[in-house]
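Presented below, as structure tokens, is a lone chain in the form predicted on its own.
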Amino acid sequence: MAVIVCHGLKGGAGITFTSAHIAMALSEAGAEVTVLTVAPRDSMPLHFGLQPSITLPSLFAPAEDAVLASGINLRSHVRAVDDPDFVPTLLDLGYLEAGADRVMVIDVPAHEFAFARRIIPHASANLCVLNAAPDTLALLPQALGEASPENIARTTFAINALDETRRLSRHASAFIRELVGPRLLGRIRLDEAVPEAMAMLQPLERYAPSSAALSDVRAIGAALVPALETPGRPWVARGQQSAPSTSRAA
């Protein structure tokens, strides 16, 4: 089972939204998908149309305790961030293997950046979710400078909640694209249907199947598939083909 680490540089970037919908895109493509959240309080169930009070079963809970939504196995392992044996455990369970047929998406909160850096070298891909905002731009060069070459080889980026009506947002998006180049897999447009679907306790694909954000995040999920088949393959080597524009933003 290949692993995708999904994290961000700061809270509020939409990491959980992106994790959930990448998982859905891969499931729709035929993969057997598990989503693992490591946050003690998490909004993951809301993106699948589940009650916020639901408790997700442990990664190690038996199959009969599974919570399945949209064909995806939802799991939790809060102690993972402090567990030095987390990566060996994944290896023992057969999760860290190449292949796009079985995938685990790990939703990592922004404040657990050290945990993300620890597991990225063992993952097939790492998606860093950004906002086109000044505080994110200030953090990005430092984050890139601190990343190891091994982690850089697995890292791609997505801009979430891009407001195309705002000049600052468009310019920030263009700056990120210049900085990370073909590692930018796509941009997800700001879409009111996203919070509305959560408020209605419905999956976005049911509440607003023509949602711009849904279309964008599905394209990003599809763009991750090559990394699952060839883990660690440098994204730059695939050139502009690996960075489709999922938005009409300038």
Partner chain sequence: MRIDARNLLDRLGRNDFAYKEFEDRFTELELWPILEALLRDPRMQAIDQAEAAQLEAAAADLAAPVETAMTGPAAAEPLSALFSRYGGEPVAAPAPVDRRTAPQDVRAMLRHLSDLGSRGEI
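Note that the coordinates shown come from a computational prediction; the quantities given were computed from them, not determined experimentally. Numbering follows the first chain given and starts at 1.
Omitted from view is the form predicted in complex with the partner chain, to which the following refers.
- Contact annotation for Gly94: none of its heavy atoms lies within 4.5 Å of the partner chain in the predicted complex.
- With a 4.5 Å cutoff on heavy atoms, Phe175 counts as touching the partner chain in the predicted complex.
- Proximity of Glu112 to the partner chain in the predicted complex: non-hydrogen atoms within 4.5 Å are absent; the residue sits far from the partner.
- The closest non-hydrogen atom of Asp191 lies within 4.5 Å of the partner chain in the predicted complex.
- The contact with the partner chain in the predicted complex, taken as any heavy atom within 4.5 Å, belongs to Leu184 out of Val35, Met44, Leu184, Leu26.
- Note on contacts: among Pro62, Gly30, Pro40, Pro209, the single residue with a heavy atom within 4.5 Å of the partner chain in the predicted complex is Pro209.
- Exactly one of the stretches 153-161, 67-75, 86-94, 112-120 approaches the partner chain in the predicted complex with heavy atoms within 4.5 Å, and it is 153-161.
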